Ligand code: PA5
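As structure tokens, one chain now follows by itself in the form predicted on its own.
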């Protein structure tokens, strides 16, 4: 069972927080929004119980792992990369690629995301082309950044392995029926993993987009989906009373009724830094339409206590701080008891690093509350696949319900298209 809890007490019991009457006034709209989600579930709600995607990903991952692969390059951007990156950073060794082959659970993993040539060159510097597999991820096959990265990597693999060798080491994760990448896959007889047509990129972490790299690096995909399925079952049972739905209403009201239009997700674990980046896209791209939506921002505790908390404590009253904490950290270290004669140092002895991290997390929460700064907390019992699966699903549910409350379509992104059109024209794409 997943152990994930949501605490919104400090969104109400602080100066400038919400009043119970405001929540009462929005209850009918919240129930209607939850009913809309459950009455006609969007594609992402079905993913945790769709075994075919997990089975296909596990099959391909096993082929990769048993081939003796040295490197696995995941090529994608935005929703095609942030979810897999969040999973890998949260659940793998922070220096996974530096571990010995005997210690790692699979090949080295590289993300070719941005079009920065320095980064792609660096990946190609360290990846062994004779032992490299590549997974190119784009639903349409026309994402310029992804296809450019892929074409460069393809050239390197063809030079090293030949056309046939390249084909045997390349997976296309894309729309199963149409699109330019599907045409390439058909032309070159590439392995294809499907992105369901009714699941957008930022909601796709529980499709092969996220499941394949997770399985390649030895993560427990079944547990990930079990946690997400638990969330779906609880949302179906509780409807508007589920914490994800309640949070949608509270964050919507914080923005529209309190003018707190910045939502800071502050993760008290380095491993969750990419989770915040994934959520920033989910919330921003889903809700930022028609002049509506709050601005998401990521932060890491305790690091950003020394760079951002001053603003949160005494800056404009326009923010809601959402702390994400871990009760039981996967590793801990005792702090040696030395320099006992120095009162500014010696007191740390006898404690542990995890204890200090959690105490600082609670200290930030208490300081924000005492300063009248609304904040909420998401708590994970520990960092594992089940809890991450639950949290991914809950935040997607929350975003979809918030979309209904804002009166926007949470599943399109028309504002992204203008820049794409200009890029296509400048780069000489026919028809633009």
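Positions refer to the first chain, counted from 1. Since the structure is predicted, the reported quantities are computational estimates derived from the model, not experimental observations.
The same protein also exists as the form predicted together with the ligand; that form is not shown, yet it is the one meant from here on.
Undergrad: Just one of 243-251, 157-165, 290-298, 135-143 has residues with a heavy atom within 4.5 Å of the ligand in the predicted bound form, so point it out.
TA: Stretch 135-143 is the one.
Undergrad: Does any part of residue 80 reach within 4.5 Å of the ligand in the predicted bound form? Heavy atoms only, please.
TA: Judged by the heavy-atom cut-off of 4.5 Å, residue 80 is in contact with the ligand in the predicted bound form.
Undergrad: Give a yes/no on whether residue 281 approaches the ligand to within 4.5 Å in the predicted bound form, heavy atoms considered.
TA: Yes, contact at 4.5 Å.
Undergrad: Any of the heavy atoms of residue 10 lying within 4.5 Å of the ligand in the predicted bound form?
TA: Residue-level check for residue 10: no, no contact with the ligand.
Undergrad: Can you tell me if residue 319 lies within 4.5 angstroms of the ligand in the predicted bound form, counting non-hydrogen atoms only?
TA: Taking the distances in the predicted bound form, the answer for residue 319 is no, it never comes within 4.5 Å of the ligand.
Undergrad: Going by heavy atom distances of 4.5 angstroms or less, which of 169, 74, 260, 202 would be at the interface with the ligand in the predicted bound form?
TA: Looking at the other structure, the residue within range turns out to be 202.
Undergrad: With the partner left out here, which residues of 400-414 have a non-hydrogen atom within 4.5 Å of the ligand in the predicted bound form?
TA: Contacting residue: only 413.
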